[in-house]
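Next up is one chain by itself, shown in structure tokens, the form predicted alone.
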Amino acid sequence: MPLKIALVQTDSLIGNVAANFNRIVETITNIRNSLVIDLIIFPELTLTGYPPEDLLFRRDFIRDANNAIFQLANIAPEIGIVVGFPELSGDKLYNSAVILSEGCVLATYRKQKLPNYGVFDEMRYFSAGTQPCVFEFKGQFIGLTICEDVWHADIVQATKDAGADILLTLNASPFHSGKAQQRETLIGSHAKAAHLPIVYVNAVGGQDELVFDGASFVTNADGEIVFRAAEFTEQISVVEFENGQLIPTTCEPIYAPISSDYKALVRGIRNYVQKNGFKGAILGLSGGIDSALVLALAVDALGAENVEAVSLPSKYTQAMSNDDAQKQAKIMGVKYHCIPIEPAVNAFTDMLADTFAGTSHDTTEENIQARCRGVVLMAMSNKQGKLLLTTGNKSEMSVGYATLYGDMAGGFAPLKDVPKLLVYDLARYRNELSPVIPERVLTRPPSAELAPNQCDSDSLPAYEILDPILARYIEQDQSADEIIAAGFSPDAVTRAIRLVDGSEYKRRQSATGIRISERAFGRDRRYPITSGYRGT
């Protein structure tokens, strides 16, 4: 018999079982009223959202999720529903998927491979399943797996050996640059090896620092991608099988890396602001490249009417910075303020004059300027209920080229995992869509403008040198010797590593930011603040 399957890329709100349940019911009802469908598949842990973290220790939370499963069983008894939830059995909790049909539970699968690396810590919460799951539905034998399982060839083969003609996999696979290609290549190879078509359904949406890209896909038994859904978009897609063979359908082109990175940042900002109930976003617009990109991202995420830009010039701010900030704000149609900080800087300088008597001017005075800006921006954020977006990038966060309680002040850091060179690439990409960032912002040397004629290169190696060193040290865990052996200057490597290691205390106090690399600061990379280790 033909088998029509609906793949639901959905954005769950972590912790709100009732809201997620209602969205599932609404989706099922809409599909039922408009399409002829046999089976509807939702992503991993759809009822709770992913990752629910220590909410999984709450018995009332788990009880609500398990009770919701029984309520779903009777929503559309003539349609099979596959949904992920945390299953409590005795005193053990499993990351499970259930198939509901004709008002009852047809089968339940418990995730066997529990990821415990990078951003994942499922062994903290779940017990591992031990058995494959294959059920008969409309004359076809269908296997179930969950996310990490399908990355392992032995699980795919074991499901095939158990009799599966088709494999369904429920996923909450977070995005990083190049992740879609990585998924398709590996899972396609497993499908080919087992000669088993795989239907891969992924979650979509932002959750704190994680962003889920959707990008669901289907492989045929030869491992070829024969269907691909949109990325970063909630979507319902339909594929059809007959006698275990996929009927040809349309396939989205594979995603371009810079485009995907940009969409991930937009989605992350939108969901963080909306899910946490902020009325919009506000940011300091300096006339530099970082804040220019953040403004473009914020407007694309929230709409110009929900974004405010604030210029906070000091006596060291160049006229072209003020001009470019005002120009971009006008182009993008956001509310714009210009609030000079010199009165506040002078007030603090006067207050501290006796205390600082006999000392020379240094970064202390520079940081007072940044902290005055932070106070103003946070005050506006508090007053208006808008989220303050910080504008620092990954290169700066890596080496501590930022001021605690100054330019680091804020609630969310969109560029926290975006190296400086990628900032420029993303800005150019955005301008290709429509020119919103003034050209001079893209071409002038970057500067914090906290001292006369200041440039980033006064304090840091050139970003063309610094960013590759940081990528090797932070994302690949290479030692200084390994980086130097790759052709980098010993002085530049030693200096960069010293700055990274000495800035951990700052990063721990920085705002949450969107993860787009394979190794971001936060849940990915967890180093001690107080440490005597000095790598070589």
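Position 1 is the first residue in the sequence shown; the rest follow in order. All values reported here derive from a predicted model rather than from experimental measurement.
We do not show the form predicted together with another copy of the chain, though everything after this point is about it.
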query	finding
Contact test in the predicted bound form: Met351 vs another copy of the chain, heavy atoms, 4.5 Å	yes
Proximity of His190 to another copy of the chain in the predicted bound form, heavy atoms at 4.5 Å	no
Touches another copy of the chain in the predicted bound form: Arg508 (any heavy atom, 4.5 Å)	yes
Close approach of Pro52 to another copy of the chain in the predicted bound form, 4.5 Å, heavy atom	yes
Ile331, Leu106, Ile225, Cys372 - the one with a heavy atom within 4.5 Å of another copy of the chain in the predicted bound form	Cys372
Selected contact from Ala256, Leu88, Leu433, Ala347, since only one has a non-hydrogen atom within 4.5 angstroms of another copy of the chain in the predicted bound form	Ala347
Check all three, Leu13, Met123 and Ser479, heavy atom within 4.5 Å of another copy of the chain in the predicted bound form	yes
In the predicted bound form, segment of 362 to 370, 137 to 145, 196 to 204, 172 to 180 with a heavy atom within 4.5 Å of another copy of the chain	362 to 370
Residues within 4.5 Å of another copy of the chain in the predicted bound form, restricted to 375 to 389 and counted by heavy atom	Val375, Val376, Met378, Ala379, Met380, Asn382, Lys383
